[in-house]
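Next comes just one chain, in structure tokens: the form predicted on its own.
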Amino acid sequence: MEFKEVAQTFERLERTSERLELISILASLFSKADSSNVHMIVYLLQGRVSAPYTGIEIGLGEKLVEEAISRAFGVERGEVEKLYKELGDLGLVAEKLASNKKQMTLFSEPLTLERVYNNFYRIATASGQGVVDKKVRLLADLLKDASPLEARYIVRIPIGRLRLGIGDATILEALAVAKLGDRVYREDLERAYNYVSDLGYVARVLFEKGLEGIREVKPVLGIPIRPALAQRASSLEEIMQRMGGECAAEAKYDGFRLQIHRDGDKVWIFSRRMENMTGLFPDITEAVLRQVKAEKVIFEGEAIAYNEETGEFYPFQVTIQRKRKYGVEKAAEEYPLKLFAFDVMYVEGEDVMDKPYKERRKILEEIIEKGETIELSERIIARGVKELRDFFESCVERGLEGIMAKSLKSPYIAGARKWAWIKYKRVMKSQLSDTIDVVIVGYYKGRGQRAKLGIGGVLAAVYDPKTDTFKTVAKVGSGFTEEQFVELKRLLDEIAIPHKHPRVVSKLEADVWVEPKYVITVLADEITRSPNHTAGWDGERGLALRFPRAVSFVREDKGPEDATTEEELIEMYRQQKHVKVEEGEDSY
């Protein structure tokens, strides 16, 4: 496949403002691919050359890209920098310089998708002496043969600024349409994706083996499973009602959620976002080899730092200090971790995710030996509200976050937020004191005292996984310092787009629209009905946050699809004790 087809598709996607058209455009491109290259398209759409868990990143900084542009087009670095300041986009700089070339070089040839992908893969994996020069040369080689449009996207890919904002669900739907003729098969593809966390792999299996092959995808040691997620409850009474009067209740620890894989002497540790973090936790790796009896296993746990002398757990602000690339051994000594194992998905070659929780917990108890580092999560079987309340209050008194209630009969539902798991945290005891994670979809230029900053607030949205869209819920203008506003504007300008993104559903206009990428955490006084916002839309009004204020800067640990969902927002609205729902008013 010629890369110009990919570049032309990227341009169409960039100009598109309708999500269904987005799917149609992508499906058209996928239909021209085959099993040897479809994964390349998928990865490049994500600005990658392989799945996130592999840790292989293209990772070229702006300065190196500027050098590659300079070499490719025979202009001084100063000229590249000058154009960058004028255009604000290195992709447009490369496109302009490619357009200015009087003629293609004598030995230039049309770029293929395979050549572009392979060069980027070589850039990502380059090492040894002269590695920087090698990376620059590989990128310059592509630019020399690129058309102006191809040059735009070849430059944007390695610096992570494709500005397409294509979500996982959109790619899955486009693949389903391209190969199976109907978006309905997204569910089959999503199930496979939940097992292997690799869209490129799913695409390759689909094109090689069809729907039958997709349905045969199973967990693989060393490849993270997308984690099961929990719903929220308004009260302990609601939990018991939803659980049918009986449930397991586990202590909810405020630490790192980790997924552990073991295959003999090999151990992998993955974060909630499926990042390989094995090197950061040598103490947990050693404990797995020492305390876990199963030779082949995948299980989950929550890691939290604790004081060895007092046995007390540290707050998350202390635990987070273990997530560092340097000084790992010293950090392990200063802040040792306890890993509280709470679920198991795979044991000795058997996928146990379809087994009920009650059986999975028994398996977990059988394979975890007593030791200092790994323990089973504290748990009771509650058969009434009083037992649940006593356990919840006991957890809170000891400084824990709350409880996680689980249906005894439920399977492990990878990658989904279901009522099989329900979280209940101590902050929920007061009205809307729980935080909400929202995605920035646009911003407003500063006025008054903020005019000098160029930004006065952001338009924020929650995520709807059913439609793979972001629906607005608030304008957030407080909670940030001036320094944070300046940095936020810099980040948002890098992903600014000329129109509302096709995955954004909004009745409001932003001064500057951006790709849905960054997540912030906010608090609000309450959730109210509003005709201006689209989250929880009932045909006449949506839901909005009253007096929202940011309580975090950009969340590096969360992607846009990890934000609070529309369904969660609706549940939180229902939970407000003062809300009196009139008969026939609420359509949820």
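Start at 1 with the first residue shown and count on from there. Computed from a prediction, not measured in an experiment: that's the story for all the values here.
The next section is about a form of this same protein that is not shown, the form predicted together with adenosine-5'-triphosphate (ATP).
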Contact test, all of 229, 417 and 425, partner adenosine-5'-triphosphate (ATP) in the predicted complex, heavy atom 4.5 Å: yes
Sole residue of 507, 296, 272, 134 within 4.5 Å of adenosine-5'-triphosphate (ATP) in the predicted complex, by heavy atom: 272
Among the candidates 147, 469, 377, 194, the residue which, in the predicted complex, approaches adenosine-5'-triphosphate (ATP) to within 4.5 Å (heavy atoms): 377
In the predicted complex, residue 101 touching adenosine-5'-triphosphate (ATP) (heavy atom, 4.5 Å): no
Contact test in the predicted complex: residue 262 vs adenosine-5'-triphosphate (ATP), heavy atoms, 4.5 Å: no
Exercise: residue 201 in contact with adenosine-5'-triphosphate (ATP) in the predicted complex, heavy atom 4.5 Å: no
Contact label in the predicted complex: residue 253 to adenosine-5'-triphosphate (ATP), heavy atom within 4.5 Å: yes
In the predicted complex, segment of 243 to 251, 114 to 122, 89 to 97, 205 to 213 with a heavy atom within 4.5 Å of adenosine-5'-triphosphate (ATP): 243 to 251
Members of 541 to 559 lying within 4.5 angstroms of adenosine-5'-triphosphate (ATP), judged by heavy atom, in the predicted complex: 558
